Each structure stands twice: as C-alpha cells, then as structure tokens.
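Presented below, as structure tokens, is a lone chain in the form predicted on its own.
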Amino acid sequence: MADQTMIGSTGATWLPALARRSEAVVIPLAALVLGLGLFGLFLLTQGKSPVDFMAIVWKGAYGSAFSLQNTLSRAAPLLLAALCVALPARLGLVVIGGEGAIVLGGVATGALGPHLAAVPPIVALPLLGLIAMAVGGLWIGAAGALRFYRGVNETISSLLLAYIAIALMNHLVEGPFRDPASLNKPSTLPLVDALRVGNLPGMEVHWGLAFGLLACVASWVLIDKTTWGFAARIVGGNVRAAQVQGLPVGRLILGFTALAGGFAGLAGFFEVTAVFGSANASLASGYGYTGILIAFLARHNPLAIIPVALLLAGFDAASGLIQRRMDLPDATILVLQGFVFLVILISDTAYGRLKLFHPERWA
C-alpha cells in the first residue's frame, strides 16, 4: 500500500508538469508535419513526388559537408531575424518588419565601411557592428514607440517601415552611396579585405553563425532568468495589470523592440562584411520574413529558434537543387513556407483546449 502511494505521489509530481510543457512542443511539431503534408498534396497536383522532394532537400541541405555548411551559413541571419520577432512577442507585440532593420543595418555598414579602411580592424569591425545594431534598433524601436505613445498597431507600422527601409536602401545604393564602378548591379564601395569577416575555424561558415547562436542563448537568459524578462512576460500577459503593479511598460516596450531591431541590424552587418562585401539590393533577400515563420514555429522561445532556423535554412539551401532536379520554380519554397505558416496560425486555437495536455488529467 505504501509503495502504491509513493508511485501515485511521484506520478502526480512530474506527469502534470510534463503534460503542461509538452503542449508547446507537440502542437508546433504536429503543425509542421501537417503543413508538410499539405505541401505534399500540392506537389502531387503538379505531378511531382513528395518523396523525391524530401530526398533532394536532404541531399541539398544536409547530405554532404558542403551542403551542411551552406545551410549553416544561411541559418546565421535567420537566427537574428527570428529574434527580432520573438523578443517583442514576449510583451504581446507582433513585430514583422525585421527585413527593414536587416536592410538598413547592411546599408549603414556598406556606407561607412570604406571610410574606416585605415582604422585597425579590431576597432573598425566592432564599431560597424554597433552602428548596424543602433540603426536596426532605432528602426524597430520606432514601431515600439508608435505603439506605446500613439497606440499605432505595431504589426502594421513595422511592416510599412520595412517597405520604407527597402525603398530608402534602393535610393541610397543607387544614388548618394553608389560605387561608380558598379554598373550592372548598383552597390556601395567595396570593403577592404581587412574589414571582411572570416570563417569559423575549420569551416566554410562565417562568424555570423556564432553570434546568432550566442544571441539566442543570451535572449533566453534575458527572458527566463532576469527580472526584466519576468516583467516582460507580465506585460505580455496583461498590460493593465503590469501598469497597476508599477512596471515600466514603456521602457520595456522600447527596450525590447530596440534590442530586437539591433539583432536584425547585426544580421545586415554580417551579410555585408561576410557575404556580399558591399551593400546592394541583395540585402532584401527575405530573411526577415522567414524569421517570422521561424519565431512562430518556435513559439518565440529563443532556444527553440535554433533547430527551427536550421530546418528552414536547409529548405532554402536546397531550393536551387530542387529547381534543377524537379523542374519546379524557385518560389516553391515560399509555397512550402506559406502552408506551414498557415497551419501554425490555425494551431494557435488548439492551445489550452486539448485535454491530453491538461495537468489535472495526469495529477
């Protein structure tokens, strides 16, 4: 009898906690599988095999050292772009304009970099990175300020700011900051070799990946282990209750949106210093929009962003091979992302409604 009581007590201790925590893992995974299934049906309507598609994705994304390193390189900006969505989401804000911060962070790096050619790289590179973060932080922080001070919806304002940023980039790159030697593709003056960010030791992957991983870990610590993160979660749960308790709601909104934009601006810095060597129209490559899907699929958990970003980066890395092998347009990956994102949004209605994940069922 004592043994049965002890077993029941143990089960009541860990089973409810496991049920509560597994909901945030099982539902997004199920949504991802369902989204892939719907995309498979779409491929069948085009006369293509979903099995062949997944085999090509594996080969093009993870099947060799070259493809894996290509995937890791593409994951670097995605990690930072996803944080631009995940951090404000902890305060209940839906910021989807990270693409603008990436673009302007890259433009700032490309415009100022040539003027720092004589400065030692150990000083110039951190300075350029901080400037890119400041530009991105101001841009996304503006959406947070509009939300707090004027009540403007941050989803709309951040998206419109992204379009403005892309238009501003085109104007600056094709006008005041244009390199006269860039004829076919307008760009800023190229960076000197000393200001180009190299690769991680033993890998063909630039240092942006390491900074992206570090940013995810640091963001998790900020959210889950600090009083600022605790206050942000309270604001996200009930902003009026947070105000009654005297929490600095305005400073939290401005601080988290600015930090989120700073991470996106840092992604633009690495795109210029490690990938392109100058600022050009390729900065608007859609990383900011893919980051939205990653953040939602990861439930805005900075640590969960890491595996999800690696998965989505793999699809992106294999897109060229899919186009050649299966005779599909390059936008096929965007269709896949659309299916997954749609199912992810629908799956939000399942949280708290499935009895399987109710702690009292397992108590």
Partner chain sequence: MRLSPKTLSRRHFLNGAAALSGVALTSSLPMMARAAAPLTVGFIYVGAKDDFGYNQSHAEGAAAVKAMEGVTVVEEENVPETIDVQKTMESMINLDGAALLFPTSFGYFDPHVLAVAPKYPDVRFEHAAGLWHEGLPTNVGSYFGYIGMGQYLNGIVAGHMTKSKKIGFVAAKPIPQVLLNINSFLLGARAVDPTITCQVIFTGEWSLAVKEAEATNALCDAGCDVITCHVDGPKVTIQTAAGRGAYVCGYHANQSALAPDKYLTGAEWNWAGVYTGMVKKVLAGETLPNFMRGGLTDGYIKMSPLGPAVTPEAKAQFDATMAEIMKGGYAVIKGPLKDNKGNVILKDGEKQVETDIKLESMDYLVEGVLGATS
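Numbering follows the first chain given and starts at 1. None of these values were measured; they are calculated from a predicted model. Between two forms, the rigid core is defined as the largest C-alpha subset superposing within 1.5 Å.
Although it is not shown, the form predicted in complex with its partner chain is what the next lines describe.
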In the predicted complex, the residue from 138, 247, 117, 281 that sits within 4.5 Å of its partner chain by heavy atoms: 281
Option from 271-279, 99-107, 124-132, 212-220 whose residues, in the predicted complex, bring a heavy atom within 4.5 Å of its partner chain: 271-279
Contact test in the predicted complex: residue 186 vs its partner chain, heavy atoms, 4.5 Å: yes
4.5 angstroms heavy atom contact with its partner chain in the predicted complex for residue 32: no
Residue contact check: residue 40 to its partner chain in the predicted complex, 4.5 Å heavy atom: no
4.5 Å heavy atom contact, residue 256 and its partner chain in the predicted complex: no
Residues within 4.5 Å of its partner chain in the predicted complex, restricted to 67-86 and counted by heavy atom: 67, 69, 70, 73, 74
Residue 304 C-alpha relocation of at least 2 Å between the shown form and the other one, rigid core basis: no
Yes/no, residue 68 Cα shift of 2 Å or more between the shown form and the other one with rigid core fixed: no
